[in-house]
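Okay, here we've got a single chain as structure tokens, the form predicted alone, with questions on binding and movement later.
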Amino acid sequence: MADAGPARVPTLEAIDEKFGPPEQTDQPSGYFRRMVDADWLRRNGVYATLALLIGVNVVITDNFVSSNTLRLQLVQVAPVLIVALGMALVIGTEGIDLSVGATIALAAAIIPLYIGYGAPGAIGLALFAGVVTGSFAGLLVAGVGVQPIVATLGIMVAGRGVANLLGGEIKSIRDPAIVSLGTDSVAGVPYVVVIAGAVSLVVWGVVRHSTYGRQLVAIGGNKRAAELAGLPVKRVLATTYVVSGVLAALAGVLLAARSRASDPTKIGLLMELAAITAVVVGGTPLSGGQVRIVGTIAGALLIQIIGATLIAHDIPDSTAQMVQAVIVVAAVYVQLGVRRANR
């Protein structure tokens, strides 16, 4: 039997002649366009929405464009922004901190108990409470390996309980030095706004220009790769939760100073929701690896103005909370769209 010889591989021309050339579609360009649109929305949607909301309020809300309204909105958003900045760092590591509201309550409960040591002593102990709660969270997450949502949920429950034990019923705060933090101004700018602005600037500088900031982003992007590269993963994670705790405690001090009272059962309630909303809406992905400080500031302002708009038009506060929940879901949906488009 004669050898048939090696099998002949059909050429591309032969395939085209038999089956026709492959159909040309616009899928790649459409795919690219969808990816760009989703990414643009994640990065800039908060700024466009904030500008639109301000424009709408200028038209429909009485006295919206006034110095008193501007001052009120900035004073109210300052504690939320401070907490959100710490939350942004935690989310940048692919974590979450649900204990910030309890830390606020704990710090506020400590102030009237230790006001006899003077304002610096009381404030210092309140901030130390943030160090303690943040250290516990960092120990559980970085040291033990507990999932961040589980670790901080436990601290949230325990911290609120400790705050209630320490504070009990509402206690008034009359120390002039502490009250001035929530009521006085410098050059016409309230102290709380100055403090929030200073914290924002420091956190932005740390994220953009420090070794710690670069390590934080690298760990959030790929924790295993960061470990293999020799980065101090556990130390960075623990430090991040401590920073979040201290910033939450600072917000508690400012809230107590502004209200001139400490109510551990109510102060800081749902603050974690407001902070997470500001961070996610601001463009920081829950998957970690990025921290958008300017976006977080815009997100906090957006949430504040939405709430103020609803209140100005006699819409219940419960509706504002539902709006926040919808905004979070929408922002996460946009982030998922970007991730799918980038795959």
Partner chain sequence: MQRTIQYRWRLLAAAGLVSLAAAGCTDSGDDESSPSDASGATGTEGGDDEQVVRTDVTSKGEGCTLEQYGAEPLDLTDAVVGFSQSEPDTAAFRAAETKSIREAAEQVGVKELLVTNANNELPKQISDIQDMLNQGAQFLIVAPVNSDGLDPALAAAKEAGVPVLTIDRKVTNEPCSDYIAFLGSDFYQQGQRAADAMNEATGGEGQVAILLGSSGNNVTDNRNAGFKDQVEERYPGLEIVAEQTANFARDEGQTVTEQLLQSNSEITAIYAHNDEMGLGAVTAVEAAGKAPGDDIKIVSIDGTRNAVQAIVDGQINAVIESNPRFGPLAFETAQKFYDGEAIPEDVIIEDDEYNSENAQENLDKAF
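Since the model is a prediction, treat every value here as computed from it, not as a measurement. Residue numbers count along the first chain shown, from 1. Just so we're on the same page, rigid core means the largest C-alpha set that superposes within 1.5 Å between forms.
The same protein also exists as the form predicted together with its partner chain; that form is not shown, yet it is the one meant from here on.
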Note which of V242, L98, A142, I123 lies within 4.5 Å of its partner chain in the predicted complex, where distance is taken over heavy atoms; exactly one does.
L98
Please pick, from L89, L255, L106, L247, the one residue with any non-hydrogen atom lying within 4.5 angstroms of its partner chain in the predicted complex.
L255
Thinking of V80, I315 and A320 as the candidate spot, does its partner chain come within 4.5 Å of a heavy atom on all of them in the predicted complex?
yes
Decide whether A261 counts as a contact residue for its partner chain in the predicted complex under a heavy atom distance cut-off of 4.5 Å.
yes
Quick check on I276: any heavy atom within 4.5 Å of its partner chain in the predicted complex?
yes
Please tell me whether any heavy atom belonging to G45 falls inside 4.5 Å of a heavy atom of its partner chain, as the geometry stands in the predicted complex.
no
Contact of S172 with its partner chain in the predicted complex (heavy atom, 4.5 Å)
yes
What residues of 252-272, in sequence order, lie within 4.5 Å of its partner chain in the predicted complex by heavy atom?
L255, R258, S259, R260, A261, D263, T265, K266, I267, G268, L269, L270, M271, E272
Does N63 move appreciably between the shown form and the other one, meaning a CA displacement of 2 Å or more on the superposed rigid core?
no
